[in-house]
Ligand SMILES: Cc1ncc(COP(=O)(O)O)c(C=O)c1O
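Listed next as structure tokens is one chain, alone, in the form predicted alone.
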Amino acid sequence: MKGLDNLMIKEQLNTPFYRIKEKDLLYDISLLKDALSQNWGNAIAGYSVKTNSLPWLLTYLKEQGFYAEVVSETEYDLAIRLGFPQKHIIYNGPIKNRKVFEAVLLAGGYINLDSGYELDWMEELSALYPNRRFKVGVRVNYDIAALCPEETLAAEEGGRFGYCYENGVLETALSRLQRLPNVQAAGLHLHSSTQSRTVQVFGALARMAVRIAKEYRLSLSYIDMGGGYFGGRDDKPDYRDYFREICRELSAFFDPKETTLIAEPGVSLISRATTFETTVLDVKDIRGRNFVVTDGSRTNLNPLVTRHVYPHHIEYVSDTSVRNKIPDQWVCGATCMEYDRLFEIRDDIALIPGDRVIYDTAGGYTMCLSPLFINYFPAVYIEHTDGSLFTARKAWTNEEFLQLNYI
């Protein structure tokens, strides 16, 4: 579906909506490409489709040379419909579809094995196509807490994906692949989630790739470092810091001419560029507490209700010098749920109807995870480098909601 005509006037836009700024998106794309090129050279940038599967965004990144990193049949089908070549698909995840698995494998795309049944599939496909040579990767599960005891992990009990290194399951998986005459364990997928996302943890992951390749005498065509980087924040590391450290560790054993480095960013690539824009509709004084009601919602920013900090800025509809400061204001969302409270403002200018609350770094997972709860999906606009606005998605109405429903 082609987008709507470009818009030039801000007042034409009814909140709530998402805005993606092309200038900021290009900045982070260039930052990533330069970091990969300068530190390794032989590299592939794959975009994490699950992070934000907006068709405009996927098409834009495809045109920028990105591969599509997918984890489901649905994501694969979307990427193919939008024009990604099958050989530019990176297929990850613990639950894979057999037909998609075979299609990507036969097309020469990238598959990182994660589950036991995928090893069974490879044995079957090896016999079914004896004249084909296949290269696959394996996702490594290792004790990141032991490697990096100072890191804050994403889950206290450790990661659940891939083949465990410590108990020999990884070794068994590699042995099964090595017994197949036309299959090579050609890649390692090292993605591991931490909350701290430090440069040091990525250096440790790279060292783990070197350790495994040496221990099991692997001749690797690629190392896939996955995602999980900071991005869009000036107070945190960026791609230059991460890949300087990653490539320093990898170069101790791997040759860039022989081994491709793969990165799979998601949030870090699109956060800086994306905002979620809302308008204050009402202010209520309830027993001395001020509740600021906006037309956006926590469901558009954090539907899992796990976050308590929402980077934001405010655009005031009128002169603030004539407004009073008040001790306490709670900015709330549009739903009728009490938990739909976003943040508290203390000892600051009183908000009034018409003010805009704009949430920064709102591109990662927000659009994909937004539920069809009370209000439907907001519109998405692209702010091009020339300042014009392009409608990438119209706000959903009951026309969209009722499609494929029957009564």
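It should be emphasised that the depicted structure is a prediction, and the values quoted were computed from it without experimental measurement. Start at 1 and count along the sequence shown; that's the residue number.
Omitted from view is the form predicted in complex with this ligand, to which the following refers.
Stretch-level contact check against this ligand in the predicted complex with heavy atoms at 4.5 Å: of 277 to 285, 259 to 267, 313 to 321, 291 to 299, the positive one is 259 to 267.
Contact check for R272: no non-hydrogen atom falls within 4.5 Å of this ligand in the predicted complex.
Under a 4.5 angstroms non-hydrogen atom cutoff, this ligand in the predicted complex lacks Y67 among its neighbouring residues. Residue contact check for G228: one or more of its heavy atoms lie within 4.5 Å of this ligand in the predicted complex.
Proximity of Y365 to this ligand in the predicted complex falls within the 4.5 Å heavy atom cutoff. Taking a 4.5 Å heavy atom cutoff to this ligand in the predicted complex, the contact residue among R356, K50, R341, K33 is K50. The single contact residue among S72, S251, S193, S126, judged by any heavy atom lying within 4.5 Å of this ligand in the predicted complex, is S193. Taking this ligand as positioned in the predicted complex, the only residue of 195 to 215 that brings a heavy atom within 4.5 Å of it is R197.
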